[in-house]
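Let's start with one chain on its own, the form predicted alone, as structure tokens.
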């Protein structure tokens, strides 16, 4: 099975859990640790693989198997010295989510999570709005509650530019970028009412032809922030 199919399967499992359908979510059941593509799939989806654990009634209690499969991903795909800022931020987000939602013991050296790497943030203020929108959409997994507060604060100062990016992505039929930006806008304050974010998110999901990652962003915006219908 190609990596894209594994990523889609995991994203679908997260969506079902966030909606409250099916059995209680467990990452280690959706993506067993003996799956050779598990680390790569987790690295692609980042903190989103743990999103259902932020809604206690939508998941089983996080356990050692979940911790193991996430640790495998963190060990297999750390950002190198030439890694993009997006790669570093997504790695940070996965560590932050793991510390908050998985049972690792910070007092036990064998179970402590990796140190959070430094991630550049100058681009948040200096990027022109199309480039900012592209990067922010790639970091949509960090838009769930409590993660990357400094990143969220920086993006809040450019809410209008993210809104422009959302409209542009919809016009270009780039549904994944539109969904990611819509998810950030759902978290941020002072979104222009004229944007029509709620109806826009519904439209993006309808037009995405069942794309599981688009659905994940839209459902997360709805469950965590009450946006998108």
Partner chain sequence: MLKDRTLVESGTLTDEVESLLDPAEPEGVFHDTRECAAKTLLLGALLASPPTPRPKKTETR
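Only a predicted model underlies this, so the values are computations on that prediction, with no experimental measurement involved. Numbering follows the first chain given and starts at 1.
If you look for the form predicted together with the partner chain, you will not find it shown, but the lines that follow are about it.
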Completion exercise
Answer key: of 62, 162, 44, 186, within 4.5 Å of the partner chain in the model of the complex (heavy atoms) is 44
Exercise for the section: Considering the partner chain in the model of the complex, find the one stretch among 63-71, 23-31, 174-182, 188-196 with heavy atoms no farther than 4.5 Å from it. Expected result: 174-182
Practice task
Mark residue 129 yes when one of its heavy atoms lies within 4.5 Å of a heavy atom of the partner chain in the model of the complex, and no otherwise.
Solution key: yes
Practice task
Verify the contact flag for residue 84: yes if a non-hydrogen atom of it lies within 4.5 Å of a non-hydrogen atom of the partner chain in the model of the complex, no if not.
Solution key: yes
Practice task
Flag residue 77 as yes or no: does it have a non-hydrogen atom within 4.5 angstroms of any non-hydrogen atom of the partner chain in the model of the complex?
Solution key: yes
Problem - Partner proximity in the model of the complex: residue 134 to the partner chain, non-hydrogen atom cutoff 4.5 Å - result: yes
Exercise for the section: Scan 32-49 and write down, in order along the chain, each residue with a heavy atom lying within 4.5 Å of the partner chain in the model of the complex. Expected result: 36, 37, 40, 43, 44
